[in-house]
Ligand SMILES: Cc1cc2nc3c(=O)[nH]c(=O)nc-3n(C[C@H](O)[C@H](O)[C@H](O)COP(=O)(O)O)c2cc1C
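Okay, here we've got a single chain as structure tokens, the form predicted on its own, with questions on binding and movement later.
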């Protein structure tokens, strides 16, 4: 087992606020693997987070890094900005600058991971170069790559990844793959696990719609070494989730994939902004992310759940507001009980 976990639970890195050092530390202290999110953070802030979490636990904690994708059509972004001007007027703010960037120097964040000897580094939205993987290996880190298709899994194996985060379409938040953002050939998690196991023969961490112990048991039976959960941890007191998002998690409501908030397909709770703007939103990340940042900040400050992204997986209604360590232990206990029932 490459991750060598006491309990087969990985806390998904959730950029933009929910992931905190306190959350990651609590998960790792309980025998799982906590993650810090480097996305949208400066290299200096990532270093501060790594050092903060080390002041809370001696257990391993990972760091997740966003990789930049291809530049999008600027004209499509301008058209979308024109549509969103009414939203800006609604809140009395200016639209953000729809700039293309590399997530505030992703290579500098990798350098922080090397210098700080971070034990586990995962990548999302892209495939790290072989030299980046080799540098992390030289620093003693395990390297994980998020994949959404068997073909991505093979590519990740070929650059030297130690394990794969296999993300099914049920997952909340952004689609983490790197081939296409067109939605073609989406896989449910169980089917994807079996296809990836055949294609790449690497240890797998399963992600997508996993909220309780029986679902953790299901992916272990399907060949995963551990289950990665994000939505389940959003309601933990250690998470930096906004009050409106916390309240909406357990409500009866659908989720949908949308580019409306960030320009990259992501699964969230269906609300006004998602419904009104999904059809027009282009595939343009991170330009749309920057464009909508002031809108989302204003809606969040006002407590308006209709104007913010509320990422959530398809099983969000099963979320329980537990301390992170207690949640990890319950997930493990309930997964073991589910496996025991099957063996009878």
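Positions refer to the first chain, counted from 1. In this text, all values refer to a predicted model and were calculated from it rather than measured experimentally.
The next section is about a form of this same protein that is not shown, the form predicted together with this ligand.
Of the candidate stretches 110-118, 227-235, 154-162, 270-278, only 227-235 has residues with heavy atoms within 4.5 Å of this ligand in the predicted complex. This ligand in the predicted complex is not approached by residue 181, whose heavy atoms all lie more than 4.5 angstroms from it. For residue 299, no non-hydrogen atom is located within 4.5 Å of this ligand in the predicted complex, even though that partner is not displayed. Interface membership of residue 207, defined by any non-hydrogen atom within 4.5 Å of this ligand in the predicted complex, is confirmed. At a distance threshold of 4.5 angstroms between non-hydrogen atoms, residue 14 is in contact with this ligand in the predicted complex. Residue 172 is the only one of 177, 172, 263, 128 with a heavy atom lying within 4.5 Å of this ligand in the predicted complex. A heavy atom within 4.5 Å of this ligand in the predicted complex is found for one listed residue only; from 53, 284, 37, 30, this is 37. Counting a residue when any of its non-hydrogen atoms is within 4.5 Å of this ligand in the predicted complex, the hits in 42-67 run 64, 66.
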